[in-house]
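The chain that follows stands alone, in the form predicted on its own, written as C-alpha cells.
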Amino acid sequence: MSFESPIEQIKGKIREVVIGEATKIGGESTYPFHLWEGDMPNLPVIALEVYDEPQREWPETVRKVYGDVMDDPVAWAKKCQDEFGADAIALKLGSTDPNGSDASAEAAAETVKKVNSAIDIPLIVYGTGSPEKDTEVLKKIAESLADANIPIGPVEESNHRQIGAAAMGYKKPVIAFTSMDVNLAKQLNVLLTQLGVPEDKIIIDPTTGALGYGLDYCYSIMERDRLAALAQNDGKMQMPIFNNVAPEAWKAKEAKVSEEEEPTFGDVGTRGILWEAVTATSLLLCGSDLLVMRHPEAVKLVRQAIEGLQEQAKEIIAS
C-alpha cells in the first residue's frame, strides 16, 4: 500500500511586491518550499548591505572583504553587484544617526542618488531606527528619487503617517517595522492601508533575531505571520517578509570573538560565516522573502540551501 502525503489546503496568498524595475518578492500560495501544495513563483531575494560610512568596528572576517571600498558606498555597491552577484543592495544610512555623525537628509539623498545610478539591481534604503530622523531622511529620499521604485524603511507606528504619505506620493514601497509581535505587525499594516498605502506596496519587517540571540522567538512570530496570511486568509498579513539578518548575526559573540579569547570555539572566520548562513537559512524556512546579508560566502551557502530545498520539493512531487 503506497503512502500519500496529506495536502494542506491553503486559503490565502502572499501579495507580490515589485522592487526596482521588475524584481518581484512574495506571491506564495503555500508554506516555504512546500511546492507540492502550492506555488512559490518568486524565490527569496538576497540583498547585500552597504553603508554610507565605513564600518571599522566590524570583525576582520568581513572587513577584509570590503576594506578597499568601505570609504565609498558607490564602489561598495558595485562590488556587491558585479563581484558577489547580489540580487539587490540594501543601503544603510548609518551616517544619519543622531547619536553618530547626524548627517543631513540632503546629504543622505545625494548618496542614495549616486548609488542608485551606479547599479542595475534593486536598491533598498534603510534608516537608523530613530523615528524622528528617519522621517526627515526618508521623506527627502522619496522626493529626491521620485521616479525610482525604492523600498524605504523602517516605517514605525510613530512615523507611519509622514513616511507613508511621502511613499504614496512618490509610489514607493514601505518596510513596516514592528518589534516581534504579530498583532502589532497587523495593526501597522492596517494603519498604513487606512492612510492609503496600497497593500502591494507594504513589506513586513517583523524584527530579526540571530542564532542564539532570539532566533527561536523570531521564527515563531514569522510562523504565526504566515499562518495568519495563508491558513486564515488574513488580508492584512499577506505581505512579503523582510529580514535584516546581517547586523544581528554579526554582533553575536560567537560570530566575532577571537580564538585567543575562546579557543574552543574554532576558527573565527568560518564561525561568523556559518552563524550568518544558519540564521538566514532558518528564516527562509519560516517565510522570509527578502534577506539582507553581509558576507558573500554566507550568501553562497544560503543559495545552496535554496537550491537544495527546491530539489527536495521536486523529489516529493515526483514520488
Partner chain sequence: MALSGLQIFKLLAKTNCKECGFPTCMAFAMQLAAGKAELDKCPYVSDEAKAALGEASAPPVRKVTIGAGDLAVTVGEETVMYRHEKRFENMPGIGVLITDEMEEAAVASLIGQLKEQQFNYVGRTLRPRVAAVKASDGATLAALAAKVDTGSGAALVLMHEDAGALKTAAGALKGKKPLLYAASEENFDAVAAVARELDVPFAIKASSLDKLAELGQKALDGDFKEVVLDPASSSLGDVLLDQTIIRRAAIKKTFRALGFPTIGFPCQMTDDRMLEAVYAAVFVAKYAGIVILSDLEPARTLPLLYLGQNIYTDPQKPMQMEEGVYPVNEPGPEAPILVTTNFSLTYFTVSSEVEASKVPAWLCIMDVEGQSVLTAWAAGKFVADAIAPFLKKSGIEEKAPHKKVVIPGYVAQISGELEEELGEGWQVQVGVREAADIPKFLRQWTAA
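All figures in this text were calculated on a predicted structure; none of them were measured in a lab. Numbering follows the first chain given and starts at 1.
The same protein also exists as the form predicted in complex with its partner chain; that form is not shown, yet it is the one meant from here on.
J.: Can you check whether Glu254 is within 4.5 Å of its partner chain in the model of the complex, heavy atom basis?
T.: So Glu254 counts as contacting its partner chain.
J.: Please run the contact check for Glu311 against its partner chain in the model of the complex: heavy atoms, 4.5 angstroms, yes or no?
T.: Residue-level check for Glu311: yes, a contact with its partner chain.
J.: Under a 4.5 Å heavy atom criterion, is Val18 part of the interface with its partner chain in the model of the complex?
T.: Contact check for Val18: no, nothing within 4.5 Å of its partner chain in the model of the complex.
J.: According to a 4.5 angstroms non-hydrogen atom cut-off, is Pro54 in contact with its partner chain in the model of the complex?
T.: It does not: once its partner chain is placed as it appears in the model of the complex, Pro54 has no heavy atom within 4.5 Å of it.
J.: With its partner chain left out of view, which of Leu48, Val62, Val45, Ala277 would have a heavy atom within 4.5 Å of it in the model of the complex?
T.: Partner contact (heavy atom, 4.5 Å) among the options: Ala277.
J.: Given that its partner chain is left out here, which of Met168, Leu191, Leu215, Ile119 has a heavy atom within 4.5 Å of it in the model of the complex?
T.: Checking each option against its partner chain in the model of the complex, the one that comes within 4.5 Å is Leu215.
J.: Is it the case that His34, Gly266 and Leu285 all touch its partner chain in the model of the complex, with a non-hydrogen atom of each within 4.5 angstroms?
T.: Per the other structure, all of His34, Gly266 and Leu285 touch its partner chain.
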